[in-house]
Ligand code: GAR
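Take a look at this single chain in structure tokens; it is the form predicted alone.
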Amino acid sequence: MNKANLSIFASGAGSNLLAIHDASLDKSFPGKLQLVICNKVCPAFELAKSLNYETKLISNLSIEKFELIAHQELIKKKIDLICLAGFMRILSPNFVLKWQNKILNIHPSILPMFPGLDTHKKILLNGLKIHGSTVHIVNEKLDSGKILGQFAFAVKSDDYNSLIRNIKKYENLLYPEVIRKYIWTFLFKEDKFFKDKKIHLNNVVFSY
């Protein structure tokens, strides 16, 4: 089975990196993680090394220099799809154009609500009763690319840490499945495998 070569860009804890790694252990998963790029030393960086992935630390550089080095590494590894997973730098329009339709991101809000930072605080400050995350294609505008999948759950507590735990738990389910679908339908052009799905799980609605 042919598999797409994946790269993950990460800056944080690495829970979505681990979820993608776990999904890739399934022989039917159409992607193979080949390269992890981090812009700082972080748990995701240490996790990637512990899982024996080729892991590059590109830190303390301007975005232009970061992107130049990252692009060279991506070409070297013949990467087909970049998956941003808690990556805390905004990529330039020039880089996005080079990798047009080949960069995915998971953002912790139900876009188009609350693009950018501090989404959990915004949910609580506005007293909203639902929260969730969105997987989208990265374009030149912040958190505004085509939406590929979302989930939503009821906010039952105003506890900030509880909100984050729920978000991460459900992101780890959604992101690998959206990546799977995107590889088949966009990279491999095999849309016969999927229809739009809506799944209800423990009062959480997933759509992808």
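Residue indices: 1-based, along the sequence shown. Just so it is clear, the structure is predicted and the values come from calculations on it, not from any experiment.
Keep in mind that the form predicted together with ligand GAR is not shown, yet the notes after this line are about it.
Using a 4.5 angstroms heavy atom cutoff to ligand GAR in the predicted complex, none of 7, 104 and 176 count as contacting. Put simply, of 167, 148, 33, 155 only one has a heavy atom within 4.5 Å of ligand GAR in the predicted complex, and it is 167. Comment: ligand GAR is not present in this chain, but in the predicted complex one of 124, 113, 88, 137 has a heavy atom within 4.5 Å of it, namely 88.
Here the chain stands by itself, but in the predicted complex one stretch of 48-56, 22-30, 168-176, 62-70, 168-176, has heavy atoms within 4.5 Å of ligand GAR. Residue 13 belongs to the set of residues with a heavy atom inside 4.5 Å of ligand GAR in the predicted complex.
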